[in-house]
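So this first bit is one chain, no partners, the form predicted on its own, shown in structure tokens.
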């Protein structure tokens, strides 16, 4: 199949891994990042690299556009989320339409569904209604981008694919070096963690990008969706963690948010966003699980890399320290 694959956010973890994975599978890959960001490691792999300024002259009929970049942190101004995750995304899709790209793949997130508990214990799928709280800025921006893209796709020739992955990991250490005191914290060891290995995500990406019948939203989560306590036990076993995180509970979490808010004010960064504490508590106590029946049924996707294998390769003791990259 002719045409190249253009990937945004190539200087970040996911975008860079997508570029490397596509290159290994002999696709014609063009990596995109903001001006001033180095992409030397990708260039050494044979990936063509450009800044976003060059995009108008790069995109052509038959290309596949993969939008990985976005604002991912959990604090900040809503206007930034709106501008980067919503407005810019729609602008890129418009360019893809105008230049005859055959497919636009938007990397969204399970966060677009929100982390509020549902009354049913049934796995969430693409038909479930999002339930977002005030402070879920990232998830809300992803959802609004999805809705804007879907509205525009109704009159467009460029096929739209929206992937909602869980927490993507693989081919890099899962946790920084720990110290006994600064070992991190957890609120609820029974929260469920919707992981997806980067190779499993890449398989979903290429399958939906190539399949002309694949369109709309697809959840991308590994079959193994462990509870945090189970996951941390495995991390300790494989040397990814040296010490188990402190368990702080609901009261401890509230105190932590108060301290963080005070520290931000003292540094002149302003208060945390409205609803931040409530939304973060939801995320850290989530008990949601997700179904990938649609992705499997339409494309034949199966997660080839198991949690055990993925964790073993993420052992920080076996890898050099990763480069600091921004998405």
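Positions refer to the first chain, counted from 1. The shown structure was predicted, so the numbers you read here are calculated from the model rather than taken from an experiment.
One more form of this protein, predicted together with a small molecule, exists but is not displayed; see below.
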item: Listed range touching the small molecule, judged in the model of the complex by heavy atoms within 4.5 Å, from 273-281, 291-299, 63-71, 256-264; value: 63-71
item: Heavy atom of residue 108 within 4.5 Å of the small molecule in the model of the complex; value: yes
item: In the model of the complex, residue 162 touching the small molecule (heavy atom, 4.5 Å); value: no
item: Partner proximity in the model of the complex: residue 207 to the small molecule, non-hydrogen atom cutoff 4.5 Å; value: no
item: Distance check, residue 37 to the small molecule in the model of the complex, heavy atom within 4.5 Å; value: yes
item: Selected contact from 192, 152, 102, 172, since only one has a non-hydrogen atom within 4.5 angstroms of the small molecule in the model of the complex; value: 172
item: Of 168, 186, 202, 132, the one that lies within 4.5 Å of the small molecule in the model of the complex (heavy atoms); value: 168
